[in-house]
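Before any questions on how it binds or moves, here is one chain, the form predicted alone, in structure tokens.
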């Protein structure tokens, strides 16, 4: 005798909706369109305000140039044509975000695995609350922590990396200065993105079917084989989506990076993570906005537009991956 599994009960689309249901649907639809309108207005504002600088510099020169100089003297007069290029700051933003993901992703996965598969119920609850609390800490607090506590330690780490592994190009430092480096900024961002990646990874790992885990353990699989061949393959799309969400946060971070990063202009720091040569678009905007003339403000908003587009693309990719994860489940 074959027993059919119970079928889930669903509400058909043509079911009669109550007045409260229709009111709730209208409110949710309005909220969705409102968020879309706000996003469109932000995009329009950035494009419109950045047009004067883009017309003056040219789009290609603006995106590929490395020099940023308003050519303004101390008395406010301009002696030469200003030059604005975001290439160095744009690559610095990407480099710092990559460092943050490289450091933060293994830590986040380790915490998520511990919460889901190892920790007791009480300890798992405590860790979940702690991770959620870390996600709510303001950026300024991370910046102050980085200046007072992380920078001296990061200086020692950077010096050790140069002395021990300086033959590897990424750890090379010819200036003898280990403060204000992309390495320290990447550590700060790694701490900031860890709660995001951990929370999403914990959710997708927790959705691993128990029967698959029990089958792996029944075949003699220990924790690592179960994670490698069962849990991680099942949750890989969700982990990638979590990583992309963390990357989006790292790309747009402003205050914390501004406090610990040394801004340099005129060249692109392609790979030297412990050398004080770098920058980011967000920190550039914070550093220059208060004293900028109208044309430089337009250029700074153009940099914000570039960062907005990149962050939007990253978030769109993460959303697509997350949707595919839900379908696979």
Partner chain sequence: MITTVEAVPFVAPKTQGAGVPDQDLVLASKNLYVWFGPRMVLADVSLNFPKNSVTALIGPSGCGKSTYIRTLNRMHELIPSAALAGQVIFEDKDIYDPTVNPVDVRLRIGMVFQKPNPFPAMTIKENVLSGLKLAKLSNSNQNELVEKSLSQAGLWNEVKDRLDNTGGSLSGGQQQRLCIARSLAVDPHVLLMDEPCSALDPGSTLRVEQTIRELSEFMTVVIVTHNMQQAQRVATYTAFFLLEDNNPGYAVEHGPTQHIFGNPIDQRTSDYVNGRFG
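Numbering follows the first chain given and starts at 1. Only a predicted model underlies this, so the values are computations on that prediction, with no experimental measurement involved.
Only in words, not in the display: the form predicted together with its partner chain, which the text now covers.
Is residue 87 a contact residue for its partner chain in the predicted complex, using a 4.5 Å heavy atom cut-off?
No, residue 87 is distant from the partner.
So in the predicted complex, is its partner chain close enough to residue 114 to count as touching (4.5 Å, heavy atoms)?
Heavy-atom contact with its partner chain at 4.5 Å: absent for residue 114.
Should residue 110 be classed as touching its partner chain in the predicted complex when contacts are defined as heavy atoms within 4.5 Å?
Output for residue 110 is no: heavy atoms all beyond 4.5 Å of its partner chain.
Since only the chain is shown here, I'm wondering whether residue 221 would be in contact with its partner chain in the predicted complex (any heavy atom pair within 4.5 Å).
Heavy-atom contact with its partner chain at 4.5 Å: present for residue 221.
With the partner removed from view, which of 90 to 98, 156 to 164, 135 to 143, 210 to 218 is the stretch that lies within 4.5 Å of its partner chain in the predicted complex, judged by heavy atom distances?
Going by heavy atoms within 4.5 Å, the stretch is 210 to 218.
Exactly one of 106, 169, 206, 233 has a non-hydrogen atom within 4.5 Å of its partner chain in the predicted complex; which residue is it?
Exactly one residue meets the criterion: 233.
Contact residue in the predicted complex, chosen from 194, 226, 254, 173 - any heavy atom within 4.5 Å of its partner chain
It is 226 that has a heavy atom within 4.5 Å of the partner.
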